[in-house]
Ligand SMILES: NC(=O)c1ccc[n+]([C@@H]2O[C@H](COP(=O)([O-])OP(=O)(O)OC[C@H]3O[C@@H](n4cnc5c(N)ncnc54)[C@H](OP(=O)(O)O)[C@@H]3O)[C@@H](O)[C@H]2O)c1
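This document starts with one chain, in the form predicted on its own, laid out as structure tokens.
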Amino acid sequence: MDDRPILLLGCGYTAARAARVLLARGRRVLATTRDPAALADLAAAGAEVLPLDLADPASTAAFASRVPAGAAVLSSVPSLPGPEGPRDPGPAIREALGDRPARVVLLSTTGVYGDTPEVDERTPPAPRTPRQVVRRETEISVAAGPWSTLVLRPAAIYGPGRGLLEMLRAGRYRIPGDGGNHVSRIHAGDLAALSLAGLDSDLTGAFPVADDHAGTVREVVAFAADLLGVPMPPSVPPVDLHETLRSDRRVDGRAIRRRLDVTLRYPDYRSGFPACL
């Protein structure tokens, strides 16, 4: 790994995991958030926590001078809220970064593949819903910046305190239809490892990220419910659920792991779910 400073733009669930690894390695880490108090633990560990609200033009304009020249950036900024639905944060990201970074790794989503049922590194984007279209617009906007760009498109991200296990514990999960749709996943720790490898590489392009087993919803929920000792949740018509819960997509994420020489710690949910507990 090189010694460039690392800027975590939108330091959320996955980026915070990456930050802890970087700090343990002695790297300089800058992490942005709308609420600095939310990253108090990272600040105590040595991260430089910077306030940034990409929905606020004044905040965005003032931030550019704080970006270290030559920095590597991990961006996991979600879509911005708008009066007519989600909107692309890409222009605000480019204004906030200016021309100072040398490298950007963008965490996007496999949602940009739309209804494509089988996805690998050769699959073209085919966004269908407004949310998917906005995420694709962000990829295009960020990749047009004056830096080298790697886009990672993770499948459903899970880990301690997040995902299917927590929804089952809270009694909030519902099976879409007969549960025969396939969902690919990636553990947040493995996604963080891929992100860090991407930051210190010169690889460009866009790649899907997933573990090695895209199980059906019913298969995965049955395993998780047994693990937790809770009953199987009820089924509901898919139309009643958010688009991410009713998708049917199998993702082959092997290409990016080969290119970055990363081995998954949790190659499937059967190893990843118990680790979350």
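Position 1 is the first residue in the sequence shown; the rest follow in order. Given the structure is predicted, the values throughout are model-derived calculations rather than measurements.
Just so you know, the form predicted in complex with this ligand exists too; it's not on screen, but the next bit is about it.
The shortest heavy atom separation between residue 34 and this ligand in the predicted bound form is within 4.5 Å. Interface membership of residue 132, defined by any non-hydrogen atom within 4.5 Å of this ligand in the predicted bound form, is ruled out. Put simply, residue 80 is close to this ligand in the predicted bound form: some heavy atom of it is within 4.5 Å. Although the partner is absent here, residue 109 lies within 4.5 Å of this ligand in the predicted bound form, judged by heavy atoms. Between this ligand and the residues 97, 206, 72, 155, the one pair within 4.5 Å by heavy atoms in the predicted bound form involves 155. Checked against this ligand in the predicted bound form, the residues 62, 55, 222, 45 give one hit for a heavy atom within 4.5 Å, which is 55. Only one of 46-54, 214-222, 64-72, 228-236 lies within 4.5 Å of this ligand in the predicted bound form by heavy atoms, and it is 46-54.
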